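As structure tokens, one chain now follows by itself in the form predicted on its own.
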């Protein structure tokens, strides 16, 4: 009897040890939604840590909101440490930037000016720009911690004021105000739609950084080259797979793509807020998150590339660097074409982009070409074609990049850095320091991957409650309306933006305390040797909310495997970690999407 009892106990113990061993050996799983650089980074980092990752992308192509530039200007390792670490890891070559592209220049009333030219030929404009920059620098210096810009009631009050109101008080001469408006709308949005606190915070992030750090090199092929380098390392990718629903429970998450479902332990949502609005989450997000999805401002921008058989501008003046115009060309820059010739990239932003929605693509290209031809009469004869990207009307984007409007920092600051149960968020809009940039997208992917690992280990990311902060009211300045093309292409400083709505007094309210992101190392990861196969689109039944029509898929590079039937995979070696660096500068080009 005792021998039988001992055998029974032994069998029970063996069973318990077997269950424990199986649980220990079970590979953790994650689904990443969104194939932009943030999603690619999150998937890559998790895969490198031994996770089984499935990446779902709604469109046929990977890379998200990559720009049109055939060769993007990028910062050095001081300005963009995370970006440069991946360029090194994937052995992507860059070319040193020539000195003449590292400072901005101007097209003013048909004449090209370098910064030095402006100081001698239009001293009043040059002095006004210096006064503006000095005042802005002083405002930025008042923010001691750019990760917590609303640290006191005075700074909090800046969030209730739009940038246009602040510029009115500077009383800049007309030309200087036009150029300043163009700089701001190119990098963010129309000054009248931009929070002064957000503008000051972003200026604080890049305060004291030299142009040489910001435009240190050129990346041939642009950010799509980096995206494809990530794609080649990932094992399971499914394109043409728009996610319609995500359901969470105590055991994991279920992600639905039409009639196909995928199960995993956690999910990373690396999509813009407008795309997030099209995904049904169960349980639903709370009211604050839902309001943030609908209420957070995105900068509007359309990007146009004009192609020329030869650089006709060299006969009159060398165009270089970022060029700001007061007469209808937005912000533009010149780049050599890959197969000879030259390209001009034009960013039409803010109200310019909004008004141009009534134009067809060819009409838009014609309007810009007319204005360039006025400066350089040989332009039309050398013109060979154009490409256009309309971020403004992309239903999955609803703009181009995050640009907090008045009152929005005090409501939504760093909201998307906090996981919601088993869902973690990534994307340029979730990075507190570098939104709208390549660096911000990559950083957010690293943070999301670290948070997923933290959640798996039982770590909590609950926010700490903050004490109420008193808010201040702002009074909007009156702006006169100009004619259609005055509003469209600059005109007077007052006509460059729509009339500003008065900002109502905002009652005192609690400010969400900033949550320190999980330490995401700035790494130079060794690429994982993964078998290469094809990216296979998932065949789904028709869904009510269909994705935007996209271009034909590029040559596939990775094989997709359903999560519900995981195949045996070798565990990838973990990447080497280095001490984290804090980026210090604003890059001149972005993937998500400021170029």
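Just so we're clear, the structure is a prediction, and the values are computed from it rather than from any experiment. Numbering follows the first chain given and starts at 1.
Only in words, not in the display: the form predicted in complex with a small molecule, which the text now covers.
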{"property": "Partner contact for residue 197 in the predicted bound form: the small molecule, 4.5 angstroms, heavy atom", "result": "no"}
{"property": "4.5 Å heavy atom contact, residue 58 to the small molecule in the predicted bound form", "result": "yes"}
{"property": "Contact of residue 66 with the small molecule in the predicted bound form (heavy atom, 4.5 Å)", "result": "yes"}
{"property": "Any non-hydrogen atom of residue 404 within 4.5 angstroms of the small molecule in the predicted bound form", "result": "no"}
{"property": "Stretch from 417 to 425, 234 to 242, 136 to 144, 361 to 369 whose residues place a heavy atom within 4.5 Å of the small molecule in the predicted bound form", "result": "234 to 242"}
{"property": "Candidate from 162, 446, 181, 80 lying within 4.5 Å of the small molecule in the predicted bound form - any heavy atom", "result": "80"}
{"property": "Listed residue (125, 325, 296, 303) with a non-hydrogen atom within 4.5 angstroms of the small molecule in the predicted bound form", "result": "303"}
